[in-house]
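Below you'll find only one chain, the form predicted alone, shown as structure tokens.
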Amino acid sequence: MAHPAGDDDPFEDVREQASNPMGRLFIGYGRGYVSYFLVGVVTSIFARLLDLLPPVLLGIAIDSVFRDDVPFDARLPFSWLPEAWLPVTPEGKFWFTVGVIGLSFGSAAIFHWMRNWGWNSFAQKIQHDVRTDTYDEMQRLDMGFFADKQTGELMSILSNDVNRLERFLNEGMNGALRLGVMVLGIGGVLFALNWQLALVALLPVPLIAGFTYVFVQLIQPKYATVRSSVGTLNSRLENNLGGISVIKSANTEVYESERVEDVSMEYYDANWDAIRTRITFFPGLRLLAGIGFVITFTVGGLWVFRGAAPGPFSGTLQVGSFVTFILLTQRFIWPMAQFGQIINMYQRARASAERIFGLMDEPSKIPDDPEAPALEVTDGEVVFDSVTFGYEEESIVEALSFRAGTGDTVALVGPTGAGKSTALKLLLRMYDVDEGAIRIDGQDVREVSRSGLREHIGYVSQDTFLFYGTVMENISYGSQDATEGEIIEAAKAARAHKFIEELPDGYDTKVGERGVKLSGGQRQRVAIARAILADPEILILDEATSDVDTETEMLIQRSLQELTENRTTFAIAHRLSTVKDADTIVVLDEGKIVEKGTHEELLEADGLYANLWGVQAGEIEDLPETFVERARERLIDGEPVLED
């Protein structure tokens, strides 16, 4: 089924591929909590049946106590009781009826509490499992998936959609069972009292069923559109809140307000379309239910008033029976009208379930065999063997071949967009190579478990991300068993200890969302301390000191020299002075290796590396015109840069 918002819904395809989402919800998750489900079902049945007793007992009191038209022991449910239990005097019958009514209310209250406990436990536990499983499946997907999706869309599924399932499992399931019990129970009582008048009361039922069917057909695609527009709105808000500093500095508050207004209006239009259908449907149901009630009251009232059956009807109708009939008919018709609410809730839950299970079923482009062995690092030798990778038809790196021996430092340099970061993300299996292979101590990284691979590799990115929490928690992230002393030593090695001590709460200082309370250089030093603490056999430094001043960079470089002395290290740098002492410098341009060697060898070769070095040394006038022209073309063409 295509939906209007399909062009803006990144989950449209997976949503449509989600097979039997509600069945999966109940079978896959519900069977683990059958005991709570049964408590909810059984207690709901008893609670609803007890709710029917007071109107029935009221009719008995009118006919058998106050009017004495019908024998007390001839009316259900008293006809089921032993005759010795029943009183014989009018006053005794009155107080006996009062006692049974009071007992029914008290018992119903207990069963209603148990009903709520059962349904809420069932719904909450499933909600917890679905949310954690969805997140677990999502975080195992490859980075290409996250490149195509917005955070707000994913948050909408993990929060709004999962919560909508919980509401249906609690309120919707409870309401559906209540509807079934009330309809069957009341229908049984009505037919027992007067089957002819019961048929009159049931006249609106076929109309209500047909009206509800039409509603379901209309509302289902509209709710799918609403769910899509919610995700789009969340994505816009999440984007803007995350980039609030850019918005303020660029003075684009008015522009962003207009963009938020646009997506909010899209949500408004989609939601209002569904609301118009819903608010038309429910009054229509009430009207049908009301007509049925009026007809039943008219026929029954004439029957009692005249003392004879009107029209084609036969027999007699007692006053008490008529009062019971009217009270129960109202309880019968209104649950039928509420059937639309349950269908409405079900359709919203189904739309959410499609998105949830669609996300769960999203295949990862990087398969991870659960039986794959863990990586065994002995020497730490890393070999890139004719590695090629690209996005769709866009080639990013092509035929990369180089080797990092035990304890070697290999630097990757080149213009922006040359493919340096992508090459090392392939080593981490953030993506999988299209051709060729990457081997660590002879083991293809695709043939070992991802977790076993990554626990041996430390990665410090130029885009330093810190989690909301304390400085100490961020340094120890990934090494949660580290002692406080080990954390402090790692911070000292990263030249971070001094500034941390000067923070308001030292190592217990909260860094804020994404580390916003720290400067860029401070965040990088915390990230380096994290890598030092992890003590991996292979280390990747992706512009690890790009945000620190020259003096701090010098001190950090000394620490990194100690850190990298006995481990295989890969370093990406635009500031070539930081990698000139590397054992091998690999120069990339447009995804290909154009030069390879030591600093001195590359300067002597007088190629791209020598020109880049000349730029940073301030020797602009000595650069060849072809190099300058090439740089100008990059700037003018604005060639796409997917990864550095």
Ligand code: ADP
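Sequential numbering from 1, following the sequence displayed. Keep in mind that this is a model prediction, so the values were computed, not measured.
Another form, the form predicted together with the named molecule, is not on view; read the next lines as being about it.
Checking Ala527, Ile396, Leu154, Ala573 against the named molecule in the predicted bound form, a heavy atom within 4.5 Å turns up for just one residue: Ile396.
The partner is absent here, but in the predicted bound form a heavy atom of Ala418, alone among Leu453, Val226, Ala418, Leu427, sits within 4.5 Å of the named molecule. Segments offered: 108-116, 370-378, 408-416, 323-331. Contacting the named molecule in the predicted bound form at heavy atom distances within 4.5 Å is 408-416. The named molecule is not shown here, and in the predicted bound form it never comes within 4.5 Å of any heavy atom of Asn170. Contact annotation: Tyr391 falls within 4.5 Å of the named molecule in the predicted bound form, judged by heavy atom distances. The named molecule in the predicted bound form is approached by Tyr431, whose closest heavy atom lies within 4.5 angstroms of it. Within this chain, Thr422 lines the site of the named molecule in the predicted bound form, having a heavy atom no more than 4.5 Å away.
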